Every structure is written in structure tokens, then in C-alpha cells.
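Take a look at this single chain in C-alpha cells; it is the form predicted on its own.
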């Protein structure tokens, strides 16, 4: 993507005074639900009204969308409210039907991004279209796979492209439905700064009371917009009820969120500083999570030592680790003094954990 600046033109041409907002229900359920939600959002900051027509589910038996009839409801949304419409597509048939019904923005879901075959089929179906096409990150944290999907669509002469960061699956139990892995989005942003980057806090959090905080972090990291699932009656939604907010909550969010303004040198400095500090915050939080995981492993070692009546301190093992980490630190620009101080503190905390277990 040598001429990546062209990818940004569709977003710049919107001339929005605020970040791009894509909002609407996880799933189109009934015509009344789709239209009522849209009417509640028509006088807000929403640029595109989203609704899932086909819903790829992890396991069969769950609600998988109303199908093509929902596209007629989206047509009515545009006629009655003037909002542009958006939906997910996962194959050529979906693309053809969405184009036939005048959908303005199409996105490729995380489960589809993982398959180059599916992405290529969609790219072939969309070749030369003037529609906006956004690609969600793959289910697993794989930046190359994500960028590969963008490249396939770009090669199909699709000019209005962007990506959606919706978090990544993990086997670990965390407070998120899909862990953000912000560093992957930051890496993408640094490599392709002109590729529009949208955040999906609904799928990252899985909980409506966390959507605001993740949205603010995304804006601090200079994301171009947000996709937030919004439902007229979220508690009774047919899919992903816990992560959807009401239109009134969404409107209040955009009053409370701190938006960045770049009108002069001072504002640009503050914006750049806020972005770098947000990156530091992301890394610091990740460090705490990793250290917490390390101490859980130390607890397991403590349990084994207790069973075998083995001493907590293993000097040879400790010296081996320390020497290795000093060399690793040098490769990452870290001084020997810093690595020593850091790992001595970590080692002492591990000893404290193990002694507590052995003496319990």
C-alpha cells in the first residue's frame, strides 16, 4: 500500500467536527426495532447506522440474523432519517445483496478476516466499488493477517478502506470479552498512519459499563472513530445484550468524551503528548498484568516446593536468570543497573509469595 494517503480521503471528505461514529444494534431483529433505534440516533453525531443482518455465531443454534429482509429495513432507515447504513458481509452473496440494497459501508468480521479465501472472495465481489469497506482485526493477535486482508481489498481497486480494532480472543480470564492488545493497533498505526482506524469498544468489553473508558482510551490513542452497538431496548436484545447501550446513553457519552482539537501548535503538542502518554498507560497496564501472571506461576512453584520440602531460594537458578536477562536487556536498550534493580524486585516478590505459601 505505497499510496496509503489515498485510503484516508473518504474520511477526510466527510469533514466531521468529531471522530467518525458508527452506531446501531448488534442485530437487526424487527423492522420496528431497527427504525425506532435509527430515529433516536438521527440527530446525534452518528455518521453510519449499523445493524447485523447475517450474524456468524461461534456455535449453531444461536440467533444468526434475519437475513436479506433486514436490508429492506436499512433502506427505510436511509429514506426516513438520512443516515447512511452499514452491515457485515461474509461472502459474495452478502456483498451482492448489500450493494443491491444500497448499503453505504460494509465491514468484514473477525471470523472472516482469519481466512484469506473468504477475504479474497469478498474482494473479488467488491472490485472497483466506491463503498467504504472496513476490516476487523482477526480473532487472534496477528497483525500480518490483518494487513493481508487490507492488501487484498486494496489490490481489488477498493479505495475507501479502513480497519476496526475489536480486540482479540484469549484463553485467559480477563475483565474484557476480547483483550484490546493496544500495542498491535499502535503498531498498525505507526506503520500505516493514513489508514483509518476505528475502535469497537462494544466487542472489546462485552459490558456496557466499560464502553466509555475504552472509547476514551481509543480517542487518546488517536483513533479516527468508534463503532458502538446501540439498541432501543438493549436488555431484551436478541444478541450481545450486555454490551449494547441505549441511544440516550450514547449521546451522553459523546458529550462526556474528551475530544482532541488540533487548531494550533499548542493543541498539536498537547494532542501528541496525550497520545504518547496513552501509549505509556497501555504498556504499564500490560506490565502489571504480566507481573500478576508471573506471580501466579511463582505460587504454583511454591506449592510444589512445599509438597517436596524444598528450599525457596535456588541460587544457581536465580544467577542463571539474571545473567540472561541482563543480555536481553542490553538488546532492548536497557542498562545493566536497571535490569538488576527490576529483576531483584521481581525475584523478591516471588520469594515473598512462595514463603507465604510454604509457611501457611
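Positions refer to the first chain, counted from 1. Just so you know, these numbers come straight off a predicted model, no measurement behind them.
Here the subject shifts to the form predicted together with a small molecule, a form of this protein not shown in this document.
J.: Using a 4.5 Å heavy atom cut-off, which of 284 to 292, 251 to 259, 190 to 198, 101 to 109 contacts the small molecule in the predicted bound form?
T.: So the stretch in question is 101 to 109.
J.: In the predicted bound form, does residue 300 come within 4.5 Å of the small molecule, counting heavy atoms only?
T.: Because no heavy atom of residue 300 falls inside 4.5 Å of the small molecule in the predicted bound form, the answer is no.
J.: How about residue 55 - does it come within 4.5 Å of the small molecule in the predicted bound form, if we only consider non-hydrogen atoms?
T.: Contact check for residue 55: yes, within 4.5 Å of the small molecule in the predicted bound form.
J.: Answer with yes or no whether residue 26 is in contact with the small molecule in the predicted bound form, where contact means some heavy atom within 4.5 Å.
T.: Judged by the heavy-atom cut-off of 4.5 Å, residue 26 is in contact with the small molecule in the predicted bound form.
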